[in-house]
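Just the one chain here, laid out as structure tokens, in the form predicted on its own.
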């Protein structure tokens, strides 16, 4: 079976992290987000990958090239962002049999993808508390009989998890009318398949749609939590590593450092001396954590530097960020309410009691900068020495 993986979107809700990197290529543990989906498809038996690309397509091509893990990779271009059915239709010329469709910005339980391939035609489904936020599936005798998008009164609590195994005939039904949202929806294709075939619901206990910055943090918490301890880099005898910590070859951990897993220090990264890294933390390739710095439950992307005497908690820092010495991130409100964050101009709750800052690529802070909870710093933003930053910039 071929697997169509949708990786064309920019990810406007996850800005500023997607300013120069497509959302599916943002880091989740030791690989881009979309690579977790691709790996699950290969493990399930995908014989060929068709990656649908658009925004910053070369970033995807450079990572996967023409073959990934021995599986051929073909690329299809989605010229406009006109919905999921439009994206799959862009790949239709490469389809000549049953095919799977997976979202490149979702995390799936690999066992569910394996079961999905075996059960074709099938859809991944997950039980949720608030089904009105999702496409809702109705079933009879272990067969899907209907799907309704975001109903006010959901008939079930079984949500569409956005992974499909379609029969070959579905290729003929990819050109669907524009929906009320102004897009061509893959769920309209699914509705036609439900009418014509017995479609099996493949339930999964774990699934994530990674759309907003705190969900990228949660995705890293998930995948870093699956790490097994592995020490390949240079670690000082005077450093202390506790639990499931991975230090890749080419990484350096200096004297006086304490790392409490799950944590991943990638190749080329440097930690210390006398630094404290704890919680589910990713220190990506060529990033650095300086003297007497504490990093807690955060993502430091490639090339990012947090200088000495600084604290970063529950935050996501983009590429080549430079936090000056003494930069402090606040991640908790005095009233203990959930932190809010700005998404597409609207201030919404993250649902997280602790959440710090989201910094786009090449943000720079002056020494002794203080950053308040829930800040969004656009790519290239700066602060002055000693400044207290209380509003997005």
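Just so you know, these numbers come straight off a predicted model, no measurement behind them. Positions refer to the first chain, counted from 1.
Although it is not shown, the form predicted in complex with a small molecule is what the next lines describe.
Heavy atoms within 4.5 Å of the small molecule in the predicted bound form are found in exactly one of 265 to 273, 194 to 202, 80 to 88, 284 to 292, that being 80 to 88. Proximity to the small molecule in the predicted bound form, defined as a heavy atom within 4.5 Å, singles out one entry of 382, 372, 20, 12, which is 12. Although the partner is absent here, residue 314 sits far enough away that none of its heavy atoms falls within 4.5 Å of the small molecule in the predicted bound form.
Proximity of residue 160 to the small molecule in the predicted bound form: non-hydrogen atoms within 4.5 Å are absent; the residue sits far from the partner.
The small molecule is not drawn, but in the predicted bound form it has no heavy atom within 4.5 Å of residue 3.
When contacts are judged by a 4.5 Å heavy atom cut-off, residue 318 does not count as touching the small molecule in the predicted bound form.
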